[in-house]
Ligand SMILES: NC(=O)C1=CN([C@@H]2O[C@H](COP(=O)(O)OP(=O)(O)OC[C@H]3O[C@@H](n4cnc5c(N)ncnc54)[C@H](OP(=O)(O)O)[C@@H]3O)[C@@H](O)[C@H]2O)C=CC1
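This document opens with one chain alone, in structure tokens, the form predicted on its own.
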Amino acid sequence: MDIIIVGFGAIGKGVAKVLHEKKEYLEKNYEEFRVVAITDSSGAAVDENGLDLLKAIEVKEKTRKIKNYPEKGKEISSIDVIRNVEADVVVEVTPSNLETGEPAKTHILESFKNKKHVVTANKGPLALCYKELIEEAKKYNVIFRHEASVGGAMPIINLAKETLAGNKILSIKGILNGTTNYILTKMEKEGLDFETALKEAKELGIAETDPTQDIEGLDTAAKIVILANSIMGMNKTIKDVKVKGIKRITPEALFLANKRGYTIKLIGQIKDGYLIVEPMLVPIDSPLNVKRTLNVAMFETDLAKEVVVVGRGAGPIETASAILSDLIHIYNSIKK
């Protein structure tokens, strides 16, 4: 199965690393998963016989540009690669843009038009124009998978749609942002104020240099929009979410909550057609009370009742785990 990786930052490199590590496993159980092109903002490396993934990672880390890949590197846009390089699947892992969804939206639509299946971890286009993407995938008769867009390694979307098939999902709530959960855990356990906990999270690389999307709840809002649309059949965008971040939470508020048997968590919730992201009181003994950077999602269903999944919501290898599972699904659908 031939693959194009579009975007070669932390997650793109994570995908390359995982495909390299799982090479024998994939060849034994399926067939060769061959990466025939990798693109970034500098250009691309293209080889229809398959690129050397370790060499690609090394070139990117040393020179920051994939076009410097020996002999196979060139200055060419991602769109031209999608149009002109023969492949079965495009893995779209450029940075998420929650304002316009670009350039990922164009990459995804162009892949569909060129009869390529798509796996993405990109929240932007999914949070802004989910319905359009699903309709275009149907129109061109291609598979569109995006497990990695919510909850990193956690199987949330595929669990609800495949494992829990036949159940009506009545509500979904959970912690879908590791940065804010880490900050709240530090504030609760060590009595740190918000700014100090944020500074520490930045130093450890848990928070981004500009953590606005995380701490203001926008990252969680994008993720619950994706869940509402993909699992519960809604047609929502990020503008439909009532959002409140964690900036105003104090160590005193957490201390008082603890005394009453609760903690405070940034919860994303879909219930009765409403989408809400805000700090909420969570009982200390609730399965939603996970610590540090862990994520958790709880489904309330008609048959299975409550189902809870906990896991690592971020990290290149964790996210690549979900991408690999989507790639295997596509392989099983098209090659058998």
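Start at 1 and count along the sequence shown; that's the residue number. Just so it is clear, the model here is predicted, and its values are computed rather than measured. Only the largest set of C-alpha atoms that superpose within 1.5 Å between the two forms is called the rigid core.
Not on display, but discussed next: the form predicted in complex with this ligand.
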So in the model of the complex, are I11, P103 and N122 all sitting within 4.5 Å of this ligand, heavy atoms only?
yes
Just give me the single entry in S41, N68, S286, T301 that has a non-hydrogen atom within 4.5 angstroms of this ligand in the model of the complex.
S41
Using a 4.5 Å cut on heavy atoms, which of T185, N229, T94, T263 is close to this ligand in the model of the complex?
T94
Non-hydrogen atom contact K60 with this ligand in the model of the complex at 4.5 angstroms:
yes
Hey, in the model of the complex, is H117 touching this ligand, heavy atoms inside 4.5 Å?
no
Under a 4.5 Å heavy atom criterion, is A314 part of the interface with this ligand in the model of the complex?
yes
At the 4.5 Å heavy atom threshold, is S78 in contact with this ligand in the model of the complex?
yes
Within 4.5 Å of this ligand in the model of the complex by heavy atoms, the stretch out of 235-243, 200-208, 165-173, 187-195 is 200-208
Answer yes if the Cα of P211 shifts by 2 angstroms or more between this form and the one not shown on a rigid-core superposition, and no otherwise.
yes
